[in-house]
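One chain is shown next in structure tokens, namely the form predicted alone.
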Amino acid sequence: MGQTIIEKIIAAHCGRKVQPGEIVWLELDIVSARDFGGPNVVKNYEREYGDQPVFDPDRVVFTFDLCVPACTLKYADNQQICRLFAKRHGLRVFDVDCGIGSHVMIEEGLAGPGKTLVGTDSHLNIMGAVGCFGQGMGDVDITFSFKTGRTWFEVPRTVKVRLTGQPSPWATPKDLTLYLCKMLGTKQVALKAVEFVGEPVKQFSLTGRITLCSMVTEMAGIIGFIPELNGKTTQELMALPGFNLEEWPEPDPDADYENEISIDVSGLPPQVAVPYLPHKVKPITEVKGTPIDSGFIGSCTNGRVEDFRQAADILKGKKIKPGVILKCVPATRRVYQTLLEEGILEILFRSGAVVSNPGCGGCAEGHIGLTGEGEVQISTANRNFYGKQGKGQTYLASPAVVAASCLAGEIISPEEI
């Protein structure tokens, strides 16, 4: 019997063939910690191992992206605790000026096809977008990995999800992702690896793949992969540092799947997740006209250049409705630079949007751009649980829908602008 993608990656890091359900010791290529969880890792490490060196200083990193630059004393202390530990052990720190850690690690070539990467970020399964096994873990597990370079893991079963049909012209990868959240819920791929196949996802750019893979968390899955590549995405991947296409993981033709699910996306219109669940998704026609107070474009799910281009195409030459605030946060410094060079920042600024420095801003409590009680926000983030972004109500949508809605002052499809 052949192997699925996740089975192949785990087997390569165990030195032997593995079976689903088996608990293995997994060798790690990169171990990371961010400014949330990172200080606990440092405290745990110093309590358990004192001044002993980490397993490999070149493969242990810190990323700061949650509260950047620090706007509370707690985060200022947390980040400095990590900086001092990194200095003592010779570790790299992607500091407050870099952006979202998972995206930075992709841009820096730390995450690549066939690699394994863990950290204190619940959305590290975003790494599936570049053929890498990424996983968020607790600070105790990451502490152990800092010292040993490995972790225990149960080999998950794999579900194949095949998309068929042609969505509507206004349906973006975020819309297909939200629809998948609705159709798969939190049970069909729970604690499973997922391989997404079919022409609709094969055509995704790297940005679209990042969007889908990042929200496998909201489907309760372990990680998602999109094995089929198109020419444009191949070029995008090859432009990443150290990327080796020959190592791109693909399943064996006779791989064994726990289940195969087919989902038809023919004619799919823009989708919106209504409060307070990411899989409580409706076509935009059912929520059209809902008044909004604010919008957010960014997060690890939709903070790439392509996302802001999408919004800028709609906002160019227009003004956000008075009384509505649009907050824009690029994923990384490199993204910010491209937005600057392409004139996208100017379009956002002239439309009336607020543009912040790179980071996670607007995604969770503790970041900039929280919602107040009674505030209605439309956001490109990945979660809309009550209290996650403040006391307001958050609707999830694509950058195009967010931009159009901020112009109208109510939820609206971009095709109506």
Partner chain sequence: MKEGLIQGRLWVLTNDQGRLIEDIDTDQIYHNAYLHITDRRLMGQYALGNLAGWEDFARRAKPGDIIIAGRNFGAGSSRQQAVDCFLALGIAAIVAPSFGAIYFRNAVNSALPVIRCPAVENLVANGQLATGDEVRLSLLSGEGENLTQGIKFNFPPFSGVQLAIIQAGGLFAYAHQLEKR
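Residue numbers count along the first chain shown, from 1. Given the structure is predicted, the values throughout are model-derived calculations rather than measurements.
Heads up, the form predicted in complex with the partner chain isn't pictured, but that's what we're talking about next.
- Contact with the partner chain in the predicted bound form, defined as a heavy atom within 4.5 Å, holds for exactly one of 143, 79, 233, 294, namely 143.
- Note on the partner interface in the predicted bound form: the residue among 96, 222, 176, 206 having a heavy atom within 4.5 angstroms of the partner chain is 222.
- With the partner left out here, the partner chain still marks one of 44-52, 57-65, 374-382, 350-358 in the predicted bound form; by a 4.5 Å heavy atom cut-off that stretch is 44-52.
- No member of the trio 170, 307 and 401 reaches the partner chain in the predicted bound form with any non-hydrogen atom inside 4.5 Å.
- Of the heavy atoms in residue 139, some are within 4.5 Å of the partner chain in the predicted bound form.
- Although the partner is absent here, residue 256 is not a contact residue: none of its heavy atoms lies within 4.5 angstroms of the partner chain in the predicted bound form.
- Under a 4.5 angstroms non-hydrogen atom cutoff, the partner chain in the predicted bound form has residue 387 among its neighbouring residues.
- The closest heavy atom approach of residue 30 to the partner chain in the predicted bound form falls outside 4.5 Å.
- Using a 4.5 Å cut-off on any heavy atom, the residues of 148-186 that reach the partner chain in the predicted bound form are, in sequence order, 151, 152, 153, 154, 186.
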